[in-house]
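Starting off, we have a lone chain in the form predicted on its own, written out as structure tokens.
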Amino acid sequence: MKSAYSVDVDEVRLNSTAGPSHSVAELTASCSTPFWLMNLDHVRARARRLKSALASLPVKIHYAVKANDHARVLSSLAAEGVGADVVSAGEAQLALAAGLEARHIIFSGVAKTRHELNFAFHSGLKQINVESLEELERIESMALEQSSQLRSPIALGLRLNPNVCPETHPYITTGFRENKFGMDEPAIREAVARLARSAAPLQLRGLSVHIGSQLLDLQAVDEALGISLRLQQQLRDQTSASAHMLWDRFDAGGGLGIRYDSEDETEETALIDDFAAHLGRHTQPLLQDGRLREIMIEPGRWLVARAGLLITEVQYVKRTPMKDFVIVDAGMNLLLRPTLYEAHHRISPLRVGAEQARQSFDVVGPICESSDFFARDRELPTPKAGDRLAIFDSGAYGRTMSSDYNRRGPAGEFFFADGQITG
């Protein structure tokens, strides 16, 4: 599969799956900075690659909307048969407005309000993933109160916290015992017992697990899958078959990462094949006996991160006795990841002149915070005021985490699909 963008000798180019590559500088010459550029051809190619890797399993892909919730992104994925994983009623409404069907939307998140649960009950969402016994108590109480108004039982998944700590940034781990997400095994067992004796119109479909984000080593994923599916099999065997206890689904979560330090996407696409192998091995016993009928996954970053660029214009090249700065018109208000996670994003001028010697710079924005940076001590072809820079792999957790801090205003948004760029 082609990379979304490539850096040739002298410029950044956008790669189309359906035709020749395009100069990003020429393609976006009339676009005012700062702005986002999304290669929707690449988003759809990623979805097809993922579906191909998982074709031997009964998998339904549910895109994690929090990664990038623009309607054009959502509708592109919906066209590929991808559903959605949402963490708020607001995200669910965006997904529905973009053309996704409610029956393909999973509702996750640790702090679902009564208003949000009421929305989920009556909009026909596929499943609510329950994160705590306290949440289950609220769901049960509300379902009992509204039982006469509900058209069908509310489908639930129980999110297990498997106490597995992956190799990733501590802020984006979600499956360790110190994290706020999910329930430990004793709490899961208590939840199952509660559902077994409940008179509420609730239907347990299976367990859910998600241990974190930006995962490139599958050892922890493999461990979490093993723990979760063994527990699901035990619980299924220990509970009486009923309309309230189906055990026909398993939600394997998401979190697979990308190589932010490289243009080459080979390793992360191969990762999908390894993930499919792990998933197949662990689910095989449950699939063989016919009880498990559907596996769900929730990728976000893997589908959209590579497709996005943040384009920004150099305002000043400031030189001091201590270090040199490239000051641009985009800031941490648009792309928070370097500030929040010390995340690495590749940066390149859209065009590189033959006279541009390479030097070390801090690339910083206009926000009145010393934490407003995109790179520190980064070697770049020496730019000048008016040059445009591309900040790569910004399609996930860029625009959705942005703010209006310092009243800088939102960035423009442009999309490439089928050989054309549109706003």
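No experiment lies behind these values; they were computed from the predicted model shown. The first residue of the shown sequence is 1; numbering continues from there.
We do not show the form predicted in complex with a small molecule, though everything after this point is about it.
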Practice task
Look up in the predicted complex whether Gly331 has a non-hydrogen atom within 4.5 angstroms of the small molecule, and give yes or no.
Solution key: no
Exercise for the section: Report whether the minimum heavy atom distance between Leu229 and the small molecule in the predicted complex is within 4.5 Å. Expected result: no
Problem - Any non-hydrogen atom of Ala64 within 4.5 angstroms of the small molecule in the predicted complex - result: yes
Handout entry: 4.5 angstroms heavy atom contact with the small molecule in the predicted complex for Met401
Key = yes
Practice task
Just give me the single entry in Leu225, Leu125, Leu256, Val73 that has a non-hydrogen atom within 4.5 angstroms of the small molecule in the predicted complex.
Solution key: Leu256
Completion exercise
Exactly one of Phe392, Tyr397, Phe374, Trp36 comes within 4.5 Å of the small molecule in the predicted complex through a heavy atom, and that residue is Tyr397
Exercise for the section: Choose one stretch from 282-290, 188-196, 209-217, 74-82: the one whose residues place a heavy atom within 4.5 angstroms of the small molecule in the predicted complex. Expected result: 209-217
